[in-house]
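Okay, so here's just one chain, in structure tokens, the form predicted on its own.
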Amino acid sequence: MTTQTLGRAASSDVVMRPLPYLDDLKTGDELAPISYTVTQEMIDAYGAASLDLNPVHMNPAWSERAQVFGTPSTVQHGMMSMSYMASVVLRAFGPLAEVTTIDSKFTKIGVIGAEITCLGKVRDIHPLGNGKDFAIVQVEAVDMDGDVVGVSEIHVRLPRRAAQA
């Protein structure tokens, strides 16, 4: 079986493009990875957007004193990590892809300066018909030490090619 890599790596490459057809995907296809470095500015922007102003994320002085996770650093929001994992799918399939389910687990904190790469792979194809066709993409976020920071199972509904007469 051959696999293909879908999507683009650079965030500036996100463009409006037609959705891929479910028929063109294969189990094992890899999606282009997304890498980012956790910064306090990113955490602050995510906290303001999500209204999650917990000091473990937003207040470096408080975090240094409290060391909630055994580190003096603030940590990224788990939902921020999930957003990056979902972005792997949206960048590969386009912003019009209909993500119907995201099931995520966070397995390690992301401290300031952590370099995280999100890797996605098509796990299953479900050609159910009646417009309910979908693929399941498994995304894993890995830090610079090779430790898994989070995993997501993302269901995305995609169109089918028209049947040939």
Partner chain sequence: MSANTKRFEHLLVTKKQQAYAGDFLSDWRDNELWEDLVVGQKRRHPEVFVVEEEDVLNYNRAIGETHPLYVDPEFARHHAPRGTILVHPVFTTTIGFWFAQPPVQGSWIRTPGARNPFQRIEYRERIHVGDHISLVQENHDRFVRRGKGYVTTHLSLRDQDDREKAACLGTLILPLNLDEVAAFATA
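From a predicted model like this one, the values you see are computed outputs, not experimental measurements. Positions refer to the first chain, counted from 1.
Omitted here: the form predicted together with the partner chain. The next part is about that form.
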I'd like to know if N59 sits close to the partner chain in the model of the complex, meaning any non-hydrogen atom pair within 4.5 angstroms.
yes
Distance check, I116 to the partner chain in the model of the complex, heavy atom within 4.5 Å:
no
Is G78 near the partner chain? Define near as a heavy atom within 4.5 Å, in the model of the complex.
yes
Taking heavy atoms only, is K132 within 4.5 angstroms of the partner chain in the model of the complex?
no
Just one of D124, E140, D44, E30 has a heavy atom within 4.5 Å of the partner chain in the model of the complex. Which one?
D44
Out of 116 to 124, 103 to 111, 22 to 30, 132 to 140, where are the residues with a heavy atom within 4.5 Å of the partner chain in the model of the complex?
103 to 111
Going through 61 to 79 from first to last, which residues have a non-hydrogen atom within 4.5 Å of the partner chain in the model of the complex?
W62, R65, A66, V68, F69, G78, M79
